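Take a look at this single chain in C-alpha cells; it is the form predicted alone.
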Amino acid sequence: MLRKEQNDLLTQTGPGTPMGQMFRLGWQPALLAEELPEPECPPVRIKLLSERLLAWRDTQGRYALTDEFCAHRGVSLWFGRNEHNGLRCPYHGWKYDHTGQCIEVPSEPSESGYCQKVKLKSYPLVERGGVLWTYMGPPEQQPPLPEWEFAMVPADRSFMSKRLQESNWLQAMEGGIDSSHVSFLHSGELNSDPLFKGSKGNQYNMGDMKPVFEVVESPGGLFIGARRNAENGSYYWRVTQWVMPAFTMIPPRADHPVHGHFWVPIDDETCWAWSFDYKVTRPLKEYELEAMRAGKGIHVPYVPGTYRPLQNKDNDYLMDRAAQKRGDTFSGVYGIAMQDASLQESMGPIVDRTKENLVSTDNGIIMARHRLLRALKAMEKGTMPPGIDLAHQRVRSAAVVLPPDQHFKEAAKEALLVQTGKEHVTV
C-alpha cells in the first residue's frame, strides 16, 4: 500500500504538480486526427492535465492547441468563427492565429500595436499515426516526435480509438499491467472475442490460475513477466511492457493484432484511455477492423456523438446478472475494455491505496509505483524521467514458451525490442 502523501503525489497531475511535470515532459496523445478533419473545421474542446484547451485548424490546415478562453473577457473560443487563418471571438471580435497570438482587436486602432501584447497559451499539435500529439512542457526541452511502433507502420496496419474513463489515470494504468485478472475477469471472452480467440496461450491462461510474476526494470519502465505452467514442465510467459509514465503494451495472442494503451489524465478524476491495435507485416483484415469499430477486443461502443462508452456508470454498465450466472461473462459486463473500466471506476475517482492488501501477483504494480516515485525524486535534481528517449519507445510485448531453466529477460531479449520487418513473438 501507499501512504496518503505518496498516493496524492502519483495521482495529481495539474499545473505545478510533480507528476503533472512528468507527463508534460513527453508527447501525449491529445486527439484523433479524425476529430480535426479539414481546414476551418469546427474547433474541439479538450481538457488535458487539468488545463482547458481548444484544438482547431486554420485556413491553411495548420493545427492549433490554444487556451480555450479569450484573453479579453474570458469567453470560450469554442463559439469562435474560424476564418482567414485565425479564430475570431464572437463577443467583441478579437482574433487569434494558430500560435495563440492575437492579430486583431477591432476596437483599438491598429497603429497602437495593442494586439501584439496579447498571446494565448498554446502548445504544439502534430499528427503522427492517425493521432494528434501535443507537448505541454518547457519549449526548450521539447523532445523529438514519438516513435511508438504502432504510429510508424503504414496506416492500414494500425487502428486507434479512445474512450473516456471516469477514474484517475493511475488505477486505470495499474489495471493495464495486471496480468493475473485475465484468468477471471476476461475468462468468458478469451475463447469468444474475435480479437482474442484461437490462441494456444488462452489454454495456458485458463489452465493455471496462479501465475508467478517476475518483474524486471527496463530502460523505460518495466518488463512485467507473468509465468504459467505449460506442457512438459515448460513455462508460458506473457511479458507486458510498461513505459513511463502511462504506456502499456499487452502480450500478443496467436496472429491477432497486438494492442496496448496510453492512460492520459484529463484531470485528477478522469482520464482518456487510448487503445491501439496493429500488425507489423500485413494490413489489418476487414473482419478485424469491423470488430474494433464494433467495440470488440480492447475497444468500446460509444454514446452517439461522444467518446463516452455506451456502457457507463449511469446505466450500471448494462450489467447482465443472468449472463454472469450462466458463465457467459464472468462479471456480467460485456466487453474486455468495459470489464476493466467498470471495476476500476467502482473504486471511486481516486482509490484510497492506504487500505490495500497487496499480494505477490501485484508485484508489477508495486514496482511501477516505486519506479515512478524514484523518478519524481530524480526530477527534483534535474534528471529527465524515463520514457522520453526514443530508444525507450522502440519496444514490444511478447508471449513465449520457455524451458524452466531459461528466464524471459535473456531468452526473449530480442522479442522485447522492435525488430524491423519481423512480427511479434506470440503463442
Partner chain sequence: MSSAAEARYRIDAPNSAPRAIKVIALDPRSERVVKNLAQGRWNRATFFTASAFGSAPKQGESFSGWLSDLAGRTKNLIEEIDSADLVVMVATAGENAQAASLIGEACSLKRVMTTGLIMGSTDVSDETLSKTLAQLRPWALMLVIASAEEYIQDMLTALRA
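All of these numbers come straight from a predicted model, not from anything done at the bench. Positions refer to the first chain, counted from 1.
Quick note: we don't show the form predicted together with its partner chain, though the next part is all about it.
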Is Trp237 near its partner chain? Define near as a heavy atom within 4.5 Å, in the predicted complex. yes
Within a 4.5 Å heavy atom cut-off, is Phe330 in contact with its partner chain in the predicted complex? no
Examine Pro404 and determine whether its closest non-hydrogen atom to its partner chain in the predicted complex is within 4.5 angstroms. yes
Any of the heavy atoms of Pro124 lying within 4.5 Å of its partner chain in the predicted complex? no
Could you tell me if all three of Tyr204, Gly207 and Asp320 have a heavy atom no more than 4.5 Å from its partner chain in the predicted complex? no
Assert contact_stretch over 364-372, 379-387, 62-70, 37-45 against its partner chain in the predicted complex, heavy atom within 4.5 Å, equals 364-372
As a check of understanding, the residue in Val118, Ala254, Leu145, Met347 with any heavy atom within 4.5 Å of its partner chain in the predicted complex should be identified as Met347
Consider the chain as shown here, without its partner, and state which of Val153, Ala294, Val303, Val212 has a heavy atom within 4.5 Å of its partner chain in the predicted complex. Val212
Can you list, in sequence order, the residues from 1-18 that come within 4.5 Å of its partner chain in the predicted complex, counting heavy atoms only? Met1
